[in-house]
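First comes one chain, alone, set out as structure tokens in the form predicted on its own.
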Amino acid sequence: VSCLQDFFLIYCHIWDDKNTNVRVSLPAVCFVWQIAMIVLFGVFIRYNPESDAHWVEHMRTENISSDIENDFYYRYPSFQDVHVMIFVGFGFLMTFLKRYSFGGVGFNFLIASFGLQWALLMQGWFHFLDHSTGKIYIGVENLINADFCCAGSLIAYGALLGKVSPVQLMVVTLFGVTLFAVEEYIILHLLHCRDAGGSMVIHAFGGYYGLAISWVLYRPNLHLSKRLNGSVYHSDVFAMIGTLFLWMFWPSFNSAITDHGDGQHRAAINTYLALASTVLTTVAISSMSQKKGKLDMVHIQNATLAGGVAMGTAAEFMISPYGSLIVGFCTGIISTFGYLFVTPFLENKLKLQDTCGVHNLHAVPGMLGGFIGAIVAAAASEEVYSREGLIDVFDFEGKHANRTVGTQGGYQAAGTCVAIAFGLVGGAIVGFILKFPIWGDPADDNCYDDEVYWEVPEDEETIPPVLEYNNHMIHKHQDIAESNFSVEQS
């Protein structure tokens, strides 16, 4: 590992001067890739029967009595919540840096908008392609899955925040969505795992994907930008807005694509309880870590969400309400300890610079969520689920009809390992691609600064007051003539 990283350092020393001018490369990537999306959509993408104008005929053929049975009316509320999480929740969560709020929310907007288009195609080719017509038929559930697919790349962005160019982020998203579609197909279809909230396919993959890229892109002189690698009061408040949007809508995220009925209902309840439990343990550990018991906003912004991540796989299982609270309880402790001790260790010993701490919020909780799902699946029984319930929850039908719950638990654990492997190996390869000096990334002393890629308005000038106390005028506003006014006390 050390030799490989030394090679990368020597390799990038050849190009010490960084050119951050993306006037040609960024418009070229955006125009060319968007035109490619238009062409590919024209060739492959069509409306599915529930969104097509032939819906009336479809209703008659399928003996559907009312428009209310259209999947749109079941799924759209969940889609709306997930969509807000992707663009508002993730975007504002990344605005905590004092001089990188434009980049946090703006680049999140850019790569999610590109990623959802590419995801509709990639997921369509793997999951929804009609081989008789060669077309992909999309509806509201496809939109939810596309947002899920984008989430993996947005998580990876958290590890790279402030250190990469927008062109590099587009490359991260292109490969991230592609890798996501492949690992999702392997885990959900070939291994037949259940992962309603994406602990494995979204969070474990996205977290380790971003960490691997960040490790390859290690910056030995990043301390030169240390002055900007932190928050101010108002930036933390904006980031907390992102936290609250994510926290409130996470039950929708974990239940959005589960089966209608009890599975969706149970997923929302389990996630709701896990999130609530996580907040208390996060606050407890954060307070205990400080001599005077003060809270650290980094912990409150991030670790409070870890329960939702860890509950993703087991959300639709019969884990029981108190089991959900236990998951949240433990995950809040683990995530907060991660921010306190693991993140500094990773940077100092393993040379892994993780801006947002995705290791503690997504990677580890996602991995734990996958293994929690494996344990709960292996412990399932007819007494708890009923025979029909087991078949419904774990989809024991067709060629999987004879699979036992113990075997299902083993496959769930294997799926978690597949997600981690895809993230680490894929991230290392993408990181090496991003090493080439053609992407316009910032220099080590110019990271975490919006002025590199954005037109930033000047700070508001302080307008000196006309009247001031005389004893306050000393050494202040010396370029302004002194006033003869004074304030007399009565």
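Numbers for residues come from their place in the sequence shown, where the first is 1. This one's a predicted model, so the numbers in the text were calculated from it and none came from an experiment.
There is another form of this protein, the form predicted in complex with another copy of the chain, and it is not shown here; the text below is about that form.
Asks: Quick one: of L346, L116, A374, V418, which gets a non-hydrogen atom within 4.5 angstroms of another copy of the chain in the predicted bound form?
Replies: Selected residue: L116.
Asks: With the partner absent here, would F249, L280 and G293 each sit within 4.5 Å of another copy of the chain in the predicted bound form, counting heavy atoms only?
Replies: Spot residues vs another copy of the chain: full contact, yes.
Asks: If you check in the predicted bound form, is L169 within 4.5 Å of another copy of the chain, heavy atoms only?
Replies: Answer no; every heavy atom of L169 is more than 4.5 Å from another copy of the chain in the predicted bound form.
Asks: E397 near another copy of the chain in the predicted bound form, any heavy atom under 4.5 Å?
Replies: Output for E397 is no: heavy atoms all beyond 4.5 Å of another copy of the chain.
Asks: Quick check on T304: any heavy atom within 4.5 Å of another copy of the chain in the predicted bound form?
Replies: Yes, T304 lies within 4.5 Å of another copy of the chain in the predicted bound form.
Asks: Taking the shortest heavy atom distance, is G389 within 4.5 Å of another copy of the chain in the predicted bound form?
Replies: G389: yes, in contact with another copy of the chain in the predicted bound form.
Asks: Would you mind picking out the stretch of 362 to 370, 338 to 346, 207 to 215, 117 to 125 that comes within 4.5 angstroms of another copy of the chain in the predicted bound form, counting non-hydrogen atoms?
Replies: Correct option: 117 to 125.
Asks: For the stretch 224 to 251, which residues lie within 4.5 Å of another copy of the chain in the predicted bound form by non-hydrogen atom distance?
Replies: Contacts from 224 to 251: R227, L228, S231, V232, Y233, H234, S235, D236, V237, F238, M240, I241, T243, L244, F245, W247, M248, F249, P251.
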